[in-house]
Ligand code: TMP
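Below you will find one chain, with nothing else, as structure tokens; this is the form predicted alone, and questions on how it binds or moves follow later.
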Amino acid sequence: MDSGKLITFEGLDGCGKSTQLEKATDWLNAQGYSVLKTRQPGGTIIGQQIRSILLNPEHEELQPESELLLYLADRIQHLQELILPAKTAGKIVLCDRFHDSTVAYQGYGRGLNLNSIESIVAHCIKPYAPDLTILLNISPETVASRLECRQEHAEKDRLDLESLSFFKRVAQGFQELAATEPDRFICINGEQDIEDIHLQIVNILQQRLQLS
């Protein structure tokens, strides 16, 4: 490849994006491509500390605006420290969440006016928009059942504690984002079998990024 690519995986909590990102990483590696697998928040050492603040269920007093700015801080650090150097080196970067999650979760879910951060986004994030975004769609009701199963084996984080109505707003946000940028977004039914979804993603990678 002449230059690297940034491919992001988006969707509601429990949609299976992390599983599919892992499987896509394995497939690309098997094809001989150099891949960086990462996530937001938490892709850097600084980001890991930000992630611990954001997801700690004890931080009930965290204000929505503070939450928003912490996600932005993580993203800017992540881009400059990890993603952009990897792309320059010709790597395919697979990232679990990116700025679309902030628009969907903080903009639609929390109801924040994102105009207040537009200058930061315009200068620090928009110039590095993903080359491709894979959105796994599941219903908010499925989110609730999957999170319940997940919580049997792990502690709840702050997002796990959100209401059904919150996830409905976030889902609406993702759909509106995808409709606005149909060339960047590929929407997949996330309620299908894991292997069926993986095969669709492989097909997308082959067609959209001309991978063999």
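Note that the structure is predicted; figures quoted are calculated from it, not measured. The first residue of the sequence shown is number 1, and the count goes up from there.
Below: the form predicted in complex with the named molecule, not depicted.
Put simply, of Cys187, Leu55, Leu36, Ile46 only one has a heavy atom within 4.5 Å of the named molecule in the predicted bound form, and it is Leu55. The candidate stretches are 82-90, 100-108, 116-124, 138-146, and the one lying within 4.5 Å of the named molecule in the predicted bound form by heavy atoms is 100-108.
Among heavy atoms of Leu159, some come within 4.5 Å of the named molecule in the predicted bound form. Contact check for Asp13: a heavy atom falls within 4.5 Å of the named molecule in the predicted bound form. Proximity of Pro41 to the named molecule in the predicted bound form: non-hydrogen atoms within 4.5 Å are present.
The partner is not shown here, and in the predicted bound form the stretch 171-209 never reaches within 4.5 angstroms of the named molecule through any heavy atom.
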